[in-house]
Structures are given as C-alpha cells and as structure tokens.
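A single chain comes next, written as structure tokens; it is the form predicted alone.
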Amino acid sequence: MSKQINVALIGNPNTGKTSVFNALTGLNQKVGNYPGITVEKKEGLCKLPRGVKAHIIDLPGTYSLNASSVDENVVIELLLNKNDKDFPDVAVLISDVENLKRNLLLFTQIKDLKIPTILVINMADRMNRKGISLNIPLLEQRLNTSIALVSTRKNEGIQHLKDLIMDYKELSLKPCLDTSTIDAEYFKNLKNAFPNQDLFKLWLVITQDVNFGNVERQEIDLSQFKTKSHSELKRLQQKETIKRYQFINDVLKEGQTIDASKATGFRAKFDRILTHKVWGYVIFFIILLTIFQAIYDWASVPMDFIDSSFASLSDWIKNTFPPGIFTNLLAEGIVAGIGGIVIFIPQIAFLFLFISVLEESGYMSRVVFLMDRIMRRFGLSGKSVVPLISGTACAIPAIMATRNIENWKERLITILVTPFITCSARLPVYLIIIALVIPKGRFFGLSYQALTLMLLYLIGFGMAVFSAYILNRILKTKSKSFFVIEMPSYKIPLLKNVVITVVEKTRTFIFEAGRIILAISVILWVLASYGPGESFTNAETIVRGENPTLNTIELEDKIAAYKLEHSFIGVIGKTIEPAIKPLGYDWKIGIALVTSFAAREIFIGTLATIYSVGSADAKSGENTIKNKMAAEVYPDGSKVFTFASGISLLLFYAFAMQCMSTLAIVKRETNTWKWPLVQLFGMSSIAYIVALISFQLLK
C-alpha cells in the first residue's frame, strides 16, 4: 500500500513557484477554491521513490507570515492548523537566486513553526550570467536545512528535490534564530501563560488579529492573556523583521558572492523602453494587434475543420441511426450544442497561449506598471490594474483578485467595473458575429476582422475606466493608496509551463462551459421539439394546405420552421420579440440572449441547437453553424444577420452583464445583493441603449 505525504510549496511571488509545481506534478494537477473563500487552490500529485506519492499544494504567494490579504492569510491558516487535512508534512520554500535575501525572511519564519522545511534556490541557470556564487554546504549549516539548487528551464535539481522530500524526516527542526529577544519579558510571560504551546505560533495568532482581522484560534484562547496594544505589537513586528534580516545578512556575507558588474544592465535598458510614457504604450498596442491578428489567422483552419466535422457528425447520426426522438436529440440537441463551443477551442487556446507567454516572460508586470499611470486619473487604485487585465481571461477570478486592494471603496469600484472587460467567454460570440458581418479585407496588413476584435477590447476597457470615474465621483472616494509591484527578471518563457497553462485553462473553459451548454442544449431541444395547442400538433396539415405546390424538401423545411415557431421555445421567443426587435433581433436571437445569461458563450450553442431542429435540406458537411447563421432570413427574405444587427449584437455583448456566475461572485465578495443588482440592471440598460442606437443608425 503506497503512502502519501503532504507537501506545501511556499514562496514570494515571482520566484518560479509555479514552474517548480509544474515540474513536480506535470498535468497531474487540478485547480479549485479553498472551502468557504474565493482563493484559488492548486494541488497535484508527484510520484516519489518506493511507491510514495506526494500531495503537492501550491500555496498563494506571500512575502512573509504577516498577512495583509485573504490569499496570504490562507498560508498562515494552513500552517497554524495541524488538524487540517492539507497540513504539510514538509514545507518547500521556493526562493529566487537573484532575490535570496528577501526570500529568506519567509523561510526563517516557517522554520520557527518547527515544520520540516526544504529550501529550493530556483533559477540556478542564471547564476553565472548574474555573477552569483553560493556556498551551499555553509548555507545548509547556517540555515539548519537541506538545499536543492534547481533550474526548471534545464530540468536540473528536480530529482534531488524529490529525494529531499522523500527523506523529510531527516530535516532539522531547529529554528534559525531566537526572535523572542526582541522583548524577552513579554515572550516569557506568554510562555508561562501557555506552557504547552509553541511560542512563535502564539505570536503569529496574536499578530494576525492586528494585520488581518480575527483568525481561526486553532484551540488557543488568548482572551485571558493581557497582550499589548496594536501599535506596540506593530513595533515589535518591525523589530522582529529587522532581527531576521540581520541574521540573513550575516549568513549571506559568508555564503553568497555577487559580481556587481554582471548584476545589472540589460534589464534596466529594456525597462526604460517597455515602461516609457510614450513608447511603452505603442509597444503594448502593437503586441495586442499582433495577438488578435494571430488569433484569426492561425485558428481559421482548425476551426473550419471542427465546424464541418460536427456538421458531418450530426448528418451521419441522422442518416445512420433509426428515426426517432433519441436520434433527433443526439443530432440536433447534444451534437449541435457541443459543436457550438468546441469550435472555439483553437482561438481560446491561442488567447491563453499569448497571455501565458506575456506572464512567463515578465512583460505583464511591466504592463501593469505602465497602466497604473492611466488608472490613477480615473480614481482607481493602482492595484486595480491586476483584476482589470486578468479580466480578459475571466471576470470571476479577476473579481477575486480585488481582495488585494485594502481600501473598500476602491475595491468596490473595481468589482463593479471589471465585467466590462472583454473576457474569453465573450470571444465565441464576437468571433462568429465578426466573421458573419465584417468583410475580409485588410488595412496595412491587418484584417478588418482583427481590428474589429481589437476595437471591442478597447471599448470594454474604456467603458470600465469611464464607469470607474463616474462611480468614483458618486461614491466620493477620498482615500489614497500606494501601488507597489515587483518587476521580475526577463525570462524566455518555459515551454512546459506555457503548455500546462494552455491545457489547464482551455480544459477548464471547455468543461465548465460544456456542462452548462450540454444541459441547456437538451432543454432547448425539448422546448423546440414540442409545443402547445393545435398549431404545433397539426403543423404538417396546415403547411401542406397553405403550400400545395412545394417539392418534398421545401415542404419539410417549411413544416420544420412552422413547428419551431409554434413550439414552446417559439412561444417564449415571440413573447420577448417586441422588446428586442428595435435592436435588430428576431425571436430566435432573443432566446439565445436569455439562455446566454447562464454563460455568454451559450449564445452560439443556443442558435446552433435552434437552427438544427428539423433542418432538412443541408448537404453533409455544409450544415455548419456559420452557414446556418448566414442563411437565416426573415419571412420577407431579408437576412437576419446584417452589418447593422451584427454591430448591435457586438455592442450589446460588450456592455451587458450576461453571466450569472459573475453576479454570484460579486454577491459573495460584497456580502449583499445590492451591488450585483446594480451591476445587472445598470449594465443591461447601457447595453440595450447602445445596441438600439447603433442599429437604428446603421440599418
């Protein structure tokens, strides 16, 4: 029977913790949330020698055990609670070879908790180029630990790290230094009051109330202990930090040598260009244009293949399986619905590919720094840039990321405007509508379609910033905040990390959206295949009587269209049609708008399902989603998807709050339904008005 040990990966942000996690777990990992809080939890399995498995937990990045945000507090809560199922048997502290001094502060704190701790010095391949040399035996002796010198880029040191994890019981539990000397009498009284408790653990529980708010007491009742005031405790924390850095400086004077002539140069020159007040924005704009052009050019071939494959599969099922309800459900409901989302896998994957490369290279931090100059003019915190940029992937984790903003009003404004940012769920809607209504010409080598997509992203960002400015005036935010961001070293993106990120993000996108789409597709098929009253039941008789001269195929299509219009879904669509007709939409688009509130990308799956029901004249392989939408016409023969209605739809989705999951997260983060409802009605009103004006002007 194999044994399993818990391993916690801990470290400062930008130390390559994710790279080490990926090197240990590969694709054998999953992402979820910690119970009761919206903080991402990454965990995976790693096989060790002798049949032992390591359960690896990648904890949120933190600079010390003095938490100031929810994600940092997660680290402390776990390390203080031995009863937690994820409590580590061994902690692996990931440090960056270029920032060892700063990283060791956290290391010395974890050692004080008497948890077996391994020190990983990452990015070892940069040592020669940066003129850094380390005396590993001396560092191990002074820090009372074992050290793994690792380069995930060259895949060096990972096996040694696995061996150290395997032999974690041999690690010294001796702390690096005695911090109780900062106030010997206070810590003596603390020890006397709680003789059976670890002194540093007591100190952490006391100071966490100061830094963060009430934390889990972990069966330690401090109510009877006369502690110090908040200001006195803060001063003691500062003295503790100074004492730790004095120890770290002494250790590194002996164990580390740095050639100053090699330490700087390239990075500073590059930073001057990429964060320049003019050229920085120009470069960022060019990079965005290139990304959107590539999304269109590179993804077109696999998308066309997927689209025609699903159309052929649907036709094959109809022609091969015996006629009946099950065959129709499979071909027109399930296959059509899934095809409506799978077709966008190439473009979603390319989007995550580019985002991953920008983050891995260190460029994204420069973008955040650059955009801070704009954000401050509109009343947003500099830290708001992180949620707004991460909102291009998904609004849900972006809203979670606002927990790093200390000021409540600034955080609230960021939460309220983040859904305006174009997320990956909007991408399927944008891509199919743009392909239908925007011509294929080019302007200076850039296609009109890519430029339109770029413009939609800019409109979303512009609306977010403008809304923040208005909210800032309404909510009377007066507080000041300081924006601090670390600029990581430039790195050539590690292929393994990029691949894992793309696979994980795309897989999450498919399965999270896929479950909803599959369920809604089945419901839609049922609603579209059955109907109330005589009109639906006697559809064939009515249509034959009104159209005696039609041939068989034309008659079957006419019957299918008539039944669809008088089905349950047709009745619902016809009911809401008067409200959306001024926007240029018919009742079928209205149904898609309603269902896409579950998730924006369902818009395409809904139309694919509706247009598939009863389709009789399509040739195998030509019955694609795009072809169905392009061929859709009103009774008078005019096209449903025109330039005017297409632009109206694009702008509606640019501004509408079409995502119930985002509303649920906003409710959870604000602890009230007031702000989600303000978002829902406010954004929907803006979307309706803008779509109405655009259609009426362009029609």
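Quick caveat, the model's predicted, so the values are computed rather than measured. From 1 onward, residues are counted along the sequence shown.
Below, we turn to the form predicted in complex with a small molecule, even though it does not appear here.
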item: The single option of 86, 565, 271, 125 touching the small molecule in the predicted bound form, heavy atom within 4.5 Å; value: 125
item: One residue of 411, 366, 588, 153 in contact with the small molecule, assessed in the predicted bound form (non-hydrogen atom, 4.5 angstroms); value: 153
item: Residue stretch of 163-171, 573-581, 116-124, 285-293 approaching the small molecule in the predicted bound form, non-hydrogen atom distance within 4.5 Å; value: 116-124
item: Contact flag, residue 491 vs the small molecule in the predicted bound form, heavy atom cut 4.5 Å; value: yes
item: Close approach of residue 676 to the small molecule in the predicted bound form, 4.5 Å, heavy atom; value: no
item: In the predicted bound form, residue 19 touching the small molecule (heavy atom, 4.5 Å); value: yes
item: Interface membership of residue 449, the small molecule in the predicted bound form, 4.5 Å heavy atom rule; value: no
